[in-house]
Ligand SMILES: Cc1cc2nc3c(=O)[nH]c(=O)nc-3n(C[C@H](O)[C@H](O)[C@H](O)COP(=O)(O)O)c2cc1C
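Okay, here we've got a single chain as structure tokens, the form predicted on its own, with questions on binding and movement later.
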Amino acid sequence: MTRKRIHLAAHFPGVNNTTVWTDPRSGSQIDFASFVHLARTAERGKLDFFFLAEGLRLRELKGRIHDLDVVGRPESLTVLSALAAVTDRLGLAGTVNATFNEPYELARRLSTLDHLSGGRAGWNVVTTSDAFTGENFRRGGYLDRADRYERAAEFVRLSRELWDSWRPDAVAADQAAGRFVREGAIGTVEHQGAHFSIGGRFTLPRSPQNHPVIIQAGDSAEGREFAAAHADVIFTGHGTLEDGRRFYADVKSRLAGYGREPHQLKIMPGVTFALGDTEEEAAENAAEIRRAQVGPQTAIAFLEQVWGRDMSAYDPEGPLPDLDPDLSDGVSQGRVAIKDRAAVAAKWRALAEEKSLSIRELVIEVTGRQTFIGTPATVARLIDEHVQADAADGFILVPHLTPGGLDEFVDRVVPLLQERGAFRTDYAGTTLRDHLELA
């Protein structure tokens, strides 16, 4: 059986409760030096790409700005374009919304990044359905869930049509012959669809990798189908090896319906990690990190998001209150919506009662990402086992510190993965598609 190569990426730990803000080593979220440090660490470790999230509006809780958002939320493509100048091989991927952007303008910005970086750009396609975020845009409004995926699919198809509209061979032949470029060498894109209507010529030729890598984030049925149809990478999450294997098998099985092969879509869950010189030390470090990530205020904020009520009067170190959730509009805005808050609340209550958990202990347990915990050798083995067992093609690493949280992983775990023959010792190509073996 052929041994699978592991794919790894680095997520910049931005505005979320993954980052441990109280650690004195925690740095700025907007200082360019922070982005440079993490990107160069990722490139030193030969990772596939650096990944930036996006926030189109500051999150609010009961009408007040969520405390984790006050650090600022810079625009992804601007940061990645600057990073293109201080990195050589590392892929540069950013989250950009397909609900509140337009195809021609965004396709041009992404293509520019792809050219500036020599073919290293990636686009994480996300959608937004809430009117709260829409208030920041001229169009505003609201899109139903089905409509936002329909718009995103048309957006991606149209972007690819724009990126592919230049015929490099015909353009080069005309230039070599010393004549004006002929009709058709740079094609006219005429599109009339449910969401977009454009006509004209794109301003850029194809990039060294033809066009940016498409990433999709989401585990829903709609998200899985969208990824099978359009994505090169799916950024997902699952809690156990078996959950990962089920998700992997499900998504890969959908590809044939779109004329695609399993290797053409890489499945890369987002994961955290905690290392130690011994297993006991690693477990202690992991527990300490989780306590710091979910402080008392954050625990109450998560509870309020599910219960839809002001819960500030309750002790986060005490038990869940005997109170039913308010299923009206809720008190949290700007976060990913919870589909069935009543079912989630019931699940949380059952878990709290089963394990005698306080509010804070409960939130710590239910909000954690999949985490690899152990010595560097243990973490390397676990990552390799997950990939070889078809639970993933690799992982997007989300460190708990900005910007130095990836350093220890690159210094201590990556060499062990290389010794196992599961991870590259150097880049074999120059583009992100080369790194992901998508060519």
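Remember, predicted model here, so these are calculated numbers, not experimental data. Just count from 1 along the sequence shown to find any residue number.
Form predicted together with this ligand: not shown, discussed below.
Comment: this ligand is not present in this chain, but in the predicted bound form one of Ser117, Thr272, Thr127, Gln209 has a heavy atom within 4.5 Å of it, namely Thr127.
Of the candidates Pro316, Gly244, Gly223, Pro325, Gly223 is the one whose heavy atoms come within 4.5 Å of this ligand in the predicted bound form; the others do not. Listed stretches are 367 to 375, 399 to 407, 48 to 56, 25 to 33; the contact stretch with this ligand in the predicted bound form is 48 to 56, by a heavy atom cutoff of 4.5 Å.
For the chain shown alone, Val306 is not a contact residue for this ligand in the predicted bound form, no non-hydrogen atom being within 4.5 angstroms.
Residue contact with this ligand in the predicted bound form: Thr112 places no heavy atom within 4.5 Å of it. At the 4.5 Å threshold, heavy atoms of Ser159 stay clear of this ligand in the predicted bound form, well away from it.
In the predicted bound form, none of the heavy atoms of Trp166 sits within 4.5 Å of a heavy atom of this ligand.
Taking this ligand as it sits in the predicted bound form, the stretch 150 to 186 never comes within 4.5 angstroms of it through any non-hydrogen atom.
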